[in-house]
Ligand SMILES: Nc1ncnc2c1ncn2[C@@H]1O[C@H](COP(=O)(O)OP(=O)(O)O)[C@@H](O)[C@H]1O
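Encoded as structure tokens, the following chain is the form predicted on its own, with no partner shown.
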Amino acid sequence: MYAAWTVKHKPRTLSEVVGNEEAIRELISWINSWNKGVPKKRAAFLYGPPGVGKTVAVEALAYDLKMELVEKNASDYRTAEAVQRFAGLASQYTTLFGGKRVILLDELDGITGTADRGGVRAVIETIKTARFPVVLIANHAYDPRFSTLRRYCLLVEFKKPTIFQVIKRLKKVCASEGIMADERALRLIAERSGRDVRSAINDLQALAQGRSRLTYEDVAWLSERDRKEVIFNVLRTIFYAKDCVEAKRAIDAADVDPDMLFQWVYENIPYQLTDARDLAMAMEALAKADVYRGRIRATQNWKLLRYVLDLMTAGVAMSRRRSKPSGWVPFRFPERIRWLARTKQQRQMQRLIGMKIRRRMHVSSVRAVKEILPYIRVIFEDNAEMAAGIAKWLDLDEGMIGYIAGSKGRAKAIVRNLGS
């Protein structure tokens, strides 16, 4: 069974938390102030963007200081009665063996809104009488709905770590997983994650799955990736939608190119649908979508696009009838996209050579690459003198000669013959 690397490599101690050293020192100082009695601010309000380590910092702190951590998502406790039942009681009574305790209410953003006013008010009342430290976590502390709550809290801001800090963390994960990763590859992952450590580790796992080495070419496609919505969320919606409407909404959840999404769905169907009959139905839907894609390319009739989208979202989603979840299965990056990224320079070189041949032989560049270039390559490998004549006639530069010749030695011999 697969294990998410974000869980497997989750920091246990504060020394393993990425970045935010100042915020962590402030949090430790506040916790230690409880040793001298109840402080003026009985709650700490941690805020900052997702994936910067707010929750994990509190969990690591409790581990380091050997404190009992009572943790819940505040969004699960929307009413005043529910908040009081959990946080109110936990903040008043000691542990079974009289140890220290810290109460954590995560995802406080989910408790806001008109229907939740009672919940926010109950949190404030809990803080006023708390006999143990209370930690609140939200993405946005300065929401007007938290204006009263902020008065009773120590505000601690968590910021995004630096690119260098994210890369350092990714290197540690790679070392633990036995993966040799290029520095440039890790830098690109860190940059495209927006310095979100959790997102970066998720991307690293998907990219490195089944590999012992990760090169820049393996991740180069990320430079063109649109992260307005993570593609994984779109795939999750498609594969686990309960009805057609929900599945079709997936295409609106992110600005994803339909051809790109097609490759993602195609790559992941065999891993997400475990029943052979479900798999056959899903591939049939995708095959029909591909037929429409071909017709669009041939006729430029973009009205057919709606059939492509319906088939590769709702068609695939409704194929899941017998497949049962078998643990966490990571979404895989399409091998076709990896291949295109790795061969981009090669295809560009072939195109340029094809255009040279086209001008001399009056054929299409595509036909030149497919039908003529293989014969030229044979000549370049066997006869340097004749190859030099062809290179001169086609006006090939040294880079093109090297590509066709296939080795530096043969390329040098051909270039020498050019001057003679």
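Note that the structure is predicted; figures quoted are calculated from it, not measured. All residue numbers are counted from 1 along the displayed sequence.
Omitted from view is the form predicted in complex with this ligand, to which the following refers.
The candidate stretches are 42 to 50, 379 to 387, 27 to 35, 356 to 364, and the one lying within 4.5 Å of this ligand in the predicted complex by heavy atoms is 42 to 50. Residue in contact with this ligand in the predicted complex (any heavy atom within 4.5 Å), chosen from 404, 396, 23, 17: 17.
Interface membership of residue 67, defined by any non-hydrogen atom within 4.5 Å of this ligand in the predicted complex, is ruled out. This ligand in the predicted complex is not approached by residue 410, whose heavy atoms all lie more than 4.5 angstroms from it. The closest heavy atom approach of residue 417 to this ligand in the predicted complex falls outside 4.5 Å. This ligand is not drawn, but in the predicted complex it has a heavy atom within 4.5 Å of residue 56.
Contacts of stretch 190 to 204 with this ligand in the predicted complex, defined by any heavy atom lying within 4.5 Å, are made by 197, 198, 201, listed in sequence order.
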